[in-house]
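Single chain ahead, by itself, as structure tokens, in the form predicted on its own.
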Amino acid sequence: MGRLNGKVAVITGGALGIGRATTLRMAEEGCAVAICDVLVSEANAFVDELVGAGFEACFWPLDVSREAEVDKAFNAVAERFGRIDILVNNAGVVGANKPTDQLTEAEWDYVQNVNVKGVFFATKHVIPHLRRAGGGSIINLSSIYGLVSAADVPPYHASKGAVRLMTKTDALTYAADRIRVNSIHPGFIWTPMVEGFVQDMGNEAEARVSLAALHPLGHVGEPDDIAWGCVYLASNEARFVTGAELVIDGGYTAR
């Protein structure tokens, strides 16, 4: 407990899944947390839970693909809590599962606007706040599919590869400002996104077994597995870590 005492974190996509778990674990470690999400009812209910448990938490509706909204939300967070120390770029979508030659421009752009442009906008507009705080930590949620690929969802794979290299560029760019930038690369994690993927595969029981078998540890991960990685990268324990890829994938990419 107390690993993030006195810090303020913004978590995009913080209402469900990995974002929700990360928000909770950071709050438990003493961090004030700001959830930014398009899921208004889910986020408000979660904030009520957090506040009821004695944590500092708030919610701002935010579509990360809209720059003006990002700027406005981050300024509001800083005004509310006095500073921002941590950004978790977690908001993301999977998009259309079609071969590249069958994708429309709109289907491609939808994924890039959220997964890539959203990380760009959030990073751009948090930097001034982190500088004023004397430094900070940006944590970008990429994927195993930012490291390896598969014959499906081309826009998603492209977006997560982009996030991986954006992370390294920004790590180098802002190191002198004491701003650390790292990426996390989850394997399959039991989130609403993965649950939907499993349901689309048809026989859900068989799909769950097949998905687990992709990971040498023999099971799919839980949101907390990623949340604790975020806590580490946000904490002073990771003060010498920047430009790194934290792979939390049950051994998926070790082959």
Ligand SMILES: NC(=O)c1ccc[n+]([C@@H]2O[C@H](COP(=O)([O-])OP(=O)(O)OC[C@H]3O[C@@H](n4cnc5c(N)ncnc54)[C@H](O)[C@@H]3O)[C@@H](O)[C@H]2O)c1
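All values derive from a computational prediction rather than experimental measurement. Residue indices: 1-based, along the sequence shown.
Beyond what is shown, the protein has a form predicted together with the ligand; the following relates to that form.
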TODO: Would you kindly say which of 147, 158, 114, 78 lies with a heavy atom within 4.5 Å of the ligand in the predicted complex?
DONE: 114
Task: 4.5 angstroms heavy atom contact with the ligand in the predicted complex for residue 193 - done: yes
Task: Heavy atom of residue 229 within 4.5 Å of the ligand in the predicted complex - done: no
Open item on the list: My question is simply whether residue 167 lines the interface with the ligand in the predicted complex - judged by any non-hydrogen atom within 4.5 Å.
Closed with: no
Task: Contact label in the predicted complex: residue 63 to the ligand, heavy atom within 4.5 Å - done: yes
Task: Those residues of 136 to 160 which, in the predicted complex, come within 4.5 Å of the ligand by heavy atom - done: 141, 142, 143, 156, 160
